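There is one chain below, alone, in structure tokens, taken in the form predicted alone.
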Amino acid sequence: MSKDIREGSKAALPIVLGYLPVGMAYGVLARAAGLSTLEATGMSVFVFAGASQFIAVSMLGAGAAAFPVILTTFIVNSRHVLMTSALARYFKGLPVGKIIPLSGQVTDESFAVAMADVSLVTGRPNYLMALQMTAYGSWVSGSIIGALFGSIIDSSSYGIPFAMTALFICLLVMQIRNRVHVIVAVTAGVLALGLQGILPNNLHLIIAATGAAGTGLWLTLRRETMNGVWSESNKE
């Protein structure tokens, strides 16, 4: 096993710890929504998008038709275009044949871990692929376990409906390293909660994400400008 694969797999361990229980929760909810063990597992194998899968089984459980489910999951997953675009600049010159599988395995969690220290992923596709495939394996494994035992577990118990939210909270805490990160997180939370119930079609989430990202960009540029002014004044 190469160094890149070994280190990438190791970097995925925090995700594995989250994906296993959340994948099990998904499996339980999928069975409660009427999916068979094979169908629940197949969705994890071919879709591999936790938030979208939770939404899909919720819609299927409510009796939604196939087209609205596919369209909704497509829209929810469209955010991955932004994530892969952000990662692409660290793999300049990589053949398209390697870019495509790398892009196809990106999730919120693997993206967060990769972007936490871009020096570890820059020019190292095997590192990123190992990180993503380790996470993928744990998600599928958790889904299988949940689907197998889903028929004997109460899907509303053990905090199962809160599992995905809890995973995102853990990932957020891992990313907070300075005051700017705290302000960005608080901005996102305030906007999301403040606009919830006011805007239709979950637009509050898009505005919260955009507003928080804009706030983070403005604070970062302002800090860099102030540091530049400070350096110039010291030279004088």
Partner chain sequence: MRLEILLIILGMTAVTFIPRFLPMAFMSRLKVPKRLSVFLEYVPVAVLAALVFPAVFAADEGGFGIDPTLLLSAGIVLLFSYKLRNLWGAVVLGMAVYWGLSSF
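Numbering follows the first chain given and starts at 1. Superpose the two forms; the largest set of C-alphas matching within 1.5 Å is the rigid core. Just so it is clear, the model here is predicted, and its values are computed rather than measured.
Just so you know, the form predicted together with its partner chain exists too; it's not on screen, but the next bit is about it.
When contacts are judged by a 4.5 Å heavy atom cut-off, residue 96 counts as touching its partner chain in the predicted complex.
Taking the partner from the other structure, its partner chain in the predicted complex has no heavy atom within 4.5 Å of any heavy atom of residue 141. At a distance threshold of 4.5 angstroms between non-hydrogen atoms, residue 29 is out of contact with its partner chain in the predicted complex.
When its partner chain is considered in the predicted complex, residue 17 lines it closely, a heavy atom lying within 4.5 Å. The candidate site formed by 84, 163 and 220 is fully in contact with its partner chain in the predicted complex, as each residue has a non-hydrogen atom within 4.5 angstroms of it. With the core held fixed between the shown form and the other one, residue 42 has its Cα displaced by under 2 Å. After superposition on the rigid core, the Cα of residue 216 moves by 2 Å or more between the shown form and the other one. After superposition on the rigid core, displacement of the C-alpha of residue 188 between the shown form and the other one amounts to 2 Å or more. Between the C-alpha atoms of residue 208 and residue 86, a gap narrowed by no less than 3 Å is obtained in the predicted complex, as opposed to the form on display.
Relative to this form, in the predicted complex the C-alpha atoms of residue 177 and residue 89 approach one another by 3 angstroms or more.
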